[in-house]
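Coming up is one lone chain in C-alpha cells, specifically the form predicted on its own.
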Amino acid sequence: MGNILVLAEHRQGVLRDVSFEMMAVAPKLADQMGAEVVALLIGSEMDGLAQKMAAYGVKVLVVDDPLFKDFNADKYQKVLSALIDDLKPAVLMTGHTAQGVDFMPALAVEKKLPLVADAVSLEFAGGVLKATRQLYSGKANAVMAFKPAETYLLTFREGTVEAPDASAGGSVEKLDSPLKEDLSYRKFVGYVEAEVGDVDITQSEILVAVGRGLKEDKNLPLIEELAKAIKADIAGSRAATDAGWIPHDRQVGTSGKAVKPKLYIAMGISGAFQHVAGMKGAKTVVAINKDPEAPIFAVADYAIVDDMFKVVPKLTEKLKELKG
C-alpha cells in the first residue's frame, strides 16, 4: 500500500494552519494503513517552508519552480496528476479551503478516483477507508466509505483538530516539475485582501463574543465593560454582525474568521456549527446561555446556564475585585 501524501497549503510565503493540522490526522491514518506520511509542497523558493514541514518528522517532497510562484488550480492539477502516476499514494489529502476545492474535484474526475470533501475525521478498518462528514450544520454525521481504489482523494476541514507540536526532524527531497511550460489560458492576477479593521481578532489572546442574545446594540456597553476588565477584544456571531452590533471584520465562523485565543467567552451564542468551526481553536471556552440545550455547551470547558444580563454584571464586578 502506498503512503499518505499530504499537500501542504501556503499563501504569500506562509504555511496555512491546515497544513499543520493535517499532521495530527495523517499519522494516525498511516498507522492504521501500515503506511508513512509524506508531505508535498508545490511553489517557488520553498526551502524555508519545506524545513517547517520536515520539523514534523516527515519526508517532504518539493516541486520548486518559478511557474508555481502563485497558486493556479490548473497547474496544481497537472502536477498532482503526474505525481499520482509516479508515486501511487494510498491517500492524497489537502485542506478543504478555497484552494483545495478548486482543483481536487477536477483531479478526481480526470483520474477517475473517489473523493470525499470536507472530512472531519478518518478511519481505516477492515480494508476500507472511511471519512466522516457533518451534515445539517453539524447536527448529524455521515460516514462515507470509499469504494476500492489505488488512490483515495480527500479534503480535510480546517480548524477541526489542533495542530501538534513539531518534535522531530524529517528530510527534504526536491522533485523535477512535471509542468514544463506556463499555461496561457489561466493567469494569476493578484490578491485582493479583506479590509482589516482596528482589531485583528485572529491574533487576540482573549475574546468576548456575543450573539443574538444581546438583543439590541444598546446592551453592548455591558459587554464592553467586561472586555475592558479582562483586556479582551470583542467579537460576534453572524447574527450579531448582520444586526450591525459588531463590525463584520470581527465575525467568528465559517463565513467570518477562525480564531485561536487563550480564552473565548461566548455570551448569548447558541453555537451553530458555522460559529463553532471558527472558535474551536480556543484553548478555553466559557459559554453563557439561558438555554440548557444550546449546542455551544458541547464545546465549552465551563458552562453557565443563566441569563447573560444577570451573569455579566456580576462577572465583571468580581473580575474587577480580583484585579484589585
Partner chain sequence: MKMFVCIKYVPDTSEAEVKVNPDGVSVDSSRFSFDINDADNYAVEESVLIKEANEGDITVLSIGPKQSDVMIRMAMAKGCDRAVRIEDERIAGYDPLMVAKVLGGAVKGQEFDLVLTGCMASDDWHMTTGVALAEELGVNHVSMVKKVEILDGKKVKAYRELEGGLMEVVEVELPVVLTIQTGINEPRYAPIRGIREAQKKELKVANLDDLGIDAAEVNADASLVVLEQLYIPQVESSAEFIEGEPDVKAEKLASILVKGGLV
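Note that the structure is predicted; figures quoted are calculated from it, not measured. Each form is matched to the other, and the largest set of C-alpha atoms that superpose within 1.5 Å is called the rigid core. Positions refer to the first chain, counted from 1.
The form predicted together with its partner chain is left out here; the points below concern that form.
Asker: Counting only heavy atoms and a 4.5 Å cutoff, which of 156-164, 84-92, 217-225, 174-182 contacts its partner chain in the model of the complex?
Answerer: Going by heavy atoms within 4.5 Å, the stretch is 156-164.
Asker: If we define contact as a non-hydrogen atom of the residue within 4.5 angstroms of the partner, is A24 a contact of its partner chain in the model of the complex?
Answerer: No.
Asker: Please determine whether F124 contacts its partner chain in the model of the complex, using a 4.5 Å cut-off between heavy atoms.
Answerer: Outside the cut-off, so no.
Asker: Is A106 close enough to touch its partner chain in the model of the complex, meaning at least one heavy atom pair within 4.5 Å?
Answerer: Yes.
Asker: Do A303 and its partner chain share at least one heavy atom pair within 4.5 Å in the model of the complex?
Answerer: Residue-level check for A303: yes, a contact with its partner chain.
Asker: For a quick check, can you give me the residues of 141-175 that have a heavy atom within 4.5 Å of its partner chain in the model of the complex?
Answerer: Read in sequence order, the residues that approach its partner chain (within 4.5 Å, in the model of the complex) are N141, A142, V143, M144, A145, F146, K147, R157, E158.
Asker: After superposition on the rigid core, does the Cα atom of A239 shift by at least 2 Å between the shown form and the other one?
Answerer: Where the cores coincide, A239 still shows a C-alpha shift between the shown form and the other one that is 2 Å or more.
Asker: With both forms fitted on the core, give yes or no for whether the Cα of F297 moves by 2 angstroms or more between the shown form and the other one.
Answerer: F297 C-alpha, core-superposed: shift of 2 Å or more.
Asker: Is it true that L15 shifts between the shown form and the other one by 2 Å or more at the Cα, once the core is aligned?
Answerer: No, the C-alpha moves less than 2 Å.
Asker: Hey, the CA atoms of Q12 and S255 end up closer or farther in the model of the complex than in the shown form, with the change being 3 Å or more?
Answerer: So the answer is closer.
Asker: Against the shown form, C-alpha atoms of Q99 and G271 in the model of the complex: closer or farther, for a change of 3 Å or more?
Answerer: Closer together, which means the C-alphas of Q99 and G271 are at least 3 Å nearer in the model of the complex.
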